[in-house]
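One chain is shown next in structure tokens, namely the form predicted on its own.
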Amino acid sequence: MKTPHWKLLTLVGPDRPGIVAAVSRVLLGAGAELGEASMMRLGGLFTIMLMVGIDGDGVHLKGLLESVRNEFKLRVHVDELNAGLHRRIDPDARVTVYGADRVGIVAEVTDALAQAGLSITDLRSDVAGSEDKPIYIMNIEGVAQQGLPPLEQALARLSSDIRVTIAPIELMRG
């Protein structure tokens, strides 16, 4: 089997049923190979980031999805990749953050994590609470290149309005 030319397909649009089915149906019909994906709802919008292995350039891939783009009112972006499958990095640390939602909280936390050697593999955030007392929540996974103690030390120095828990991730392998 020939190695496909990988592209990163990003689609964003109003959330509604059928987006994933329509996109995957078009890509299947074009003989595309699907790789790693991240799909989620953010701020009322549905977002897809999907590795697509297909011959042709980004313009070709966007053209294939034109009818889906129009039907679902999606914005479509394609990047050429120098990537492939089976390059997963297994995280070994999980950091959960709760704090008063304010400007700079993400920068403060991620800077402390970077300084302590955490390579972030996944970050998901949400805003909870109420409009007058919002709470920012982050769930972060990554590779603690220097171990957990430096992460704990760095995060202990954060502002007093931020609460953090750190836990190791132990993967079960069969």
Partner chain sequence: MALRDIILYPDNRLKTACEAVDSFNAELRDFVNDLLDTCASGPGAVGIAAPQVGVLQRICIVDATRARKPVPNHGKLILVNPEITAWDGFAVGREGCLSVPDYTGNVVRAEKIRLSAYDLDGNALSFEMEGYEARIAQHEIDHLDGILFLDRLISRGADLFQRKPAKSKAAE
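Positions refer to the first chain, counted from 1. These figures come from a predicted structure and were not determined experimentally.
Only in words, not in the display: the form predicted in complex with its partner chain, which the text now covers.
By the criterion of a heavy atom within 4.5 Å, E152 is counted among the residues contacting its partner chain in the predicted bound form. Contact annotation for E141: at least one heavy atom lies within 4.5 Å of its partner chain in the predicted bound form.
At least one heavy atom of R88 is located within 4.5 Å of its partner chain in the predicted bound form. Although the partner is absent here, D55 sits far enough away that none of its heavy atoms falls within 4.5 Å of its partner chain in the predicted bound form. In short, of 66-74, 39-47, 133-141, 110-118 it is 133-141 that has heavy atoms within 4.5 Å of its partner chain in the predicted bound form. If you take 151-166 and check each residue for a heavy atom within 4.5 Å of its partner chain in the predicted bound form, you get E152, L155, A156, L158, S159, S160, I162, R163, V164, T165, I166, in sequence order.
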